[in-house]
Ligand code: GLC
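For reference, the chain that follows is the form predicted on its own, supplied as structure tokens.
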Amino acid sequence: MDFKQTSLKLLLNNRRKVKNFQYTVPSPDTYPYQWLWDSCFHAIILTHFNVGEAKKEIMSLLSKQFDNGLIPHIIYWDKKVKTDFPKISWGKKNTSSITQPPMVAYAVWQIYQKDNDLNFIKIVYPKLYHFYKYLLNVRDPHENHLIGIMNPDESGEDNSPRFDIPLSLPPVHSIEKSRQKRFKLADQNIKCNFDAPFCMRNFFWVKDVPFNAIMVENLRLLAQIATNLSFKEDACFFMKEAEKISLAMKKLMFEDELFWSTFGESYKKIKVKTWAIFTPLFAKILTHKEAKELVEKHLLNPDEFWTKFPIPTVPINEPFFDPKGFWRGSTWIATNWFIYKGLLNYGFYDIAKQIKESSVALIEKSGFREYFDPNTGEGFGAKDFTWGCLILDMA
């Protein structure tokens, strides 16, 4: 397979244009709208082809930013498109009212690395500034330096077992049960006008490990962007905030050698093991000793995450592990990408290479599917799904 050309063909097939904007849908049939972190992935991938197209992806994403700085996780450019994607009421006509993991600074920085276009980062910087300031100011009402999410969908992993306890769901349940809980939560959020501190306190308040690890790394890169624009005070501020979150994660999330998401006003740890335990590698939060122990004890453990086609989102020795489950044990290319990048940060080049090779094998075996059985490599979910193209950024 000519992976690069096949990926480009998929991205072009999934490209959409509306008025002056251009974006990429994750899957034409299943996900025919624009999603926040998906578009960040698309921009990252597009830098390997045409940096101008990557910039267009970011500009369309930022075009619907709210006055308070939030970037919505879905933009419904074409509501008439035929799809099985569930209709969710967000209290808005053309967008959702929640956000997603803040990967946009990472994507913008990667674009800048390709062509050093100061004008581009000058245009997008105010929007990035307000988005990350929104997360820092509004999503941390207790000022404990952990960013909260008000809906599982904001994690990008809406059906992850990390959210079973906060949603009062049993460890084994149907995806329909999860949807019912999340749709009810969306209705509750509408009633509280998506006022994040109030909604989180009363309905759902999780400080998720991946979201915060991604925030740390993106704040560092936002500081780099600010530095290149000569905004020295901004750069200093964002670097300090990244360090505060990193320290807070160690203080409030770290126990038994692992990072755990927390929920509620008491920051109770959700001791449910998922791929999330590896995301601090992405943000360089662990010491080299801690990283080595994490990789040897858990990542390379054949009774946990080291399957034939790693890395499952849930270890195989957990009672709720489901190799065909939606975020409950299947392998996803995007999560592999985060772990791959994290391994490189600590010099685990051979293991990272194996994850890349396994990811390529999944696409060659089952095509560009949404997720895969970690034991057999069989593909499930959406077809013509763009996340597989992230393999191009594993280099």
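Fair warning: this is a prediction, and the values are worked out from it, not measured in the lab. Position 1 is the first residue in the sequence shown; the rest follow in order.
Only in words, not in the display: the form predicted in complex with the ligand, which the text now covers.
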Listed residue that, although the ligand is not shown, lies within 4.5 Å of it in the model of the complex (heavy atoms), from Y346, W337, F368, F326
F326
Contacting member of E257, E296, D322, D158, with respect to the ligand in the model of the complex [4.5 Å, heavy atom]
D158
When the contact criterion is heavy atoms within 4.5 Å, does F385 count as touching the ligand in the model of the complex?
yes
Is E57 part of the interface with the ligand in the model of the complex - any heavy atom within 4.5 Å?
no
When the contact criterion is heavy atoms within 4.5 Å, does Q100 count as touching the ligand in the model of the complex?
yes
I'd like to know if G69 sits close to the ligand in the model of the complex, meaning any non-hydrogen atom pair within 4.5 angstroms.
no
Suppose contact means a heavy atom within 4.5 Å; in the model of the complex, does that hold for all of P197, F203 and W205 with the ligand?
no
Listed range touching the ligand, judged in the model of the complex by heavy atoms within 4.5 Å, from 346-354, 30-38, 46-54, 61-69
30-38
